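The chain that follows stands alone, in the form predicted alone, written as structure tokens.
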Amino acid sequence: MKTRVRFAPSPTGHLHVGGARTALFNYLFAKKTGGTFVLRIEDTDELRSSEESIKSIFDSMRWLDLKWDEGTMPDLSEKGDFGPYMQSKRESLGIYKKYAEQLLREGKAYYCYCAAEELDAMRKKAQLEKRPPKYEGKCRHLSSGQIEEFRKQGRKPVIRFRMPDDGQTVFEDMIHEHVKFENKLLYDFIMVKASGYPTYNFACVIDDYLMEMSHIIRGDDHISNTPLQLNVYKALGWEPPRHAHLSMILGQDGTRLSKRHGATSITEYQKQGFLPETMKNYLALLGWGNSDSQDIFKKGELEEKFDISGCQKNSAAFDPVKLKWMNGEYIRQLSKEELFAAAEPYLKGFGLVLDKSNPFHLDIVAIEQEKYKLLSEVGGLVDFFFKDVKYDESAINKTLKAPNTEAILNGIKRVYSEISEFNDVTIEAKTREFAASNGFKNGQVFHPVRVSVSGRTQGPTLFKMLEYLGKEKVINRIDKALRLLQ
């Protein structure tokens, strides 16, 4: 059978790290095996699903360059022969109703009229008796008279799947290997809600079978759902796909990744200034590795080297420090033109509208490329080239108010005024010459010059910075620092 895998998000918010990792592993598995990667939207949560969330998921997947071959497309059109690929559309066509009615006819499902208060009482009783809180099957054997009475009362039933009372549900997981569940510990889950909408555990079985999925790759938080779904496959006489459950992603404190650990959605990482290549690479390392223990992958390498046998059972720890380090590594690999294009949206956030065709602008954006960790840092590190200098108060106190600063700045201003070719080599030679001939240490001259022209104690290499600022601007800023001292 040809490989067919799917990513099936519920559009109730942004695409988070766990979902993005699941999408990536399905995408990589399809690419490695020459299969098809399907995107299906599971929007049967009528209250929380939204078009805004669908758009956010599409945007994040496209940003990560996770191109799907089939399914719901960004304009909400559909591509492929197994549609619709949006569960709300499938529900309106009666696809789920057909199979629910079949299971009802065969006695493998039943109507449940239990009210919320009754279910709550069952849960409380189970907790008191220290039993797993599961539905007790109260409506399994309702008489036609009881059903008629409930209907007269206006009760709207749900449809529950009738789980086997004994035996085991066993499956071979591609990551966790041999997995088994005692059927007596499972429960008669709701297949169809009172609204008529199918639940996740029922709808995904119908969709995965009809869309001919060969493998289901998802997080191991779904592993407890798998025996429920396998029993639906069995009840309908269908062969189930193979399953692979990916390890949990935890924070550095060993608890499940959440907002208290920092950003969790892909859009947040995009806003912070991470490159999509970085996120794709880092997500791949969460619970997977190859025999070479490789950390950084070139374009196309993940698709070539991914093997699901490299997925680990143990939980993966999300390390924001390593992620930031990796982003710096990727930034350093960019050409000047690529760096400018990647940083441009963030530069605009600092009010910097630069021209990519201007070599001078390209050079300034790249001047501290070796130090960048986030694209969002670039604007704040280079804005003084284009805006009036603003002096950091600590820089004034530490550097400009040091002894002899006024004499040093007046002297170096005269030196710079006489330089005809204002380039970094000449500037450095003349600055060092001035320091030596006047009995100053290099740092006594370098530091006040840096603060005078940039307002900061840290920044790009000094003499290249002076060259890019230009002679006129450098002298004007030294004058401004002198006025400040006076």
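For every residue, the number given is its place in the sequence shown, counted from 1. In this text the structure is predicted, and so the values were computed from the model without any measurement.
Below, we refer to the form predicted together with a small molecule, which is not included among the displayed structures.
Engineer: 121-129, 142-150, 217-225, 156-164: which one contacts the small molecule in the predicted bound form at 4.5 Å, heavy atom to heavy atom?
Structural biologist: Heavy-atom contact with the partner occurs in 217-225.
Engineer: Under a 4.5 angstroms heavy atom criterion, identify the one residue in 279, 382, 204, 412 near the small molecule in the predicted bound form.
Structural biologist: The option sitting close enough to the partner is 204.
Engineer: Although the small molecule is absent from this view, report whether residue 18 comes within 4.5 Å of it in the predicted bound form, heavy atoms only.
Structural biologist: So residue 18 does not count as contacting the small molecule.
Engineer: Any of the heavy atoms of residue 8 lying within 4.5 Å of the small molecule in the predicted bound form?
Structural biologist: Looking in the predicted bound form, residue contacts with the small molecule include residue 8, since a heavy atom lies within 4.5 Å.
Engineer: Evaluate residue 135 for contact with the small molecule in the predicted bound form, applying a 4.5 angstroms cut-off between non-hydrogen atoms, and reply yes or no.
Structural biologist: Output for residue 135 is no: heavy atoms all beyond 4.5 Å of the small molecule.
Engineer: Since only the chain is shown here, I'm wondering whether residue 42 would be in contact with the small molecule in the predicted bound form (any heavy atom pair within 4.5 Å).
Structural biologist: Residue 42 belongs to the contact set for the small molecule.
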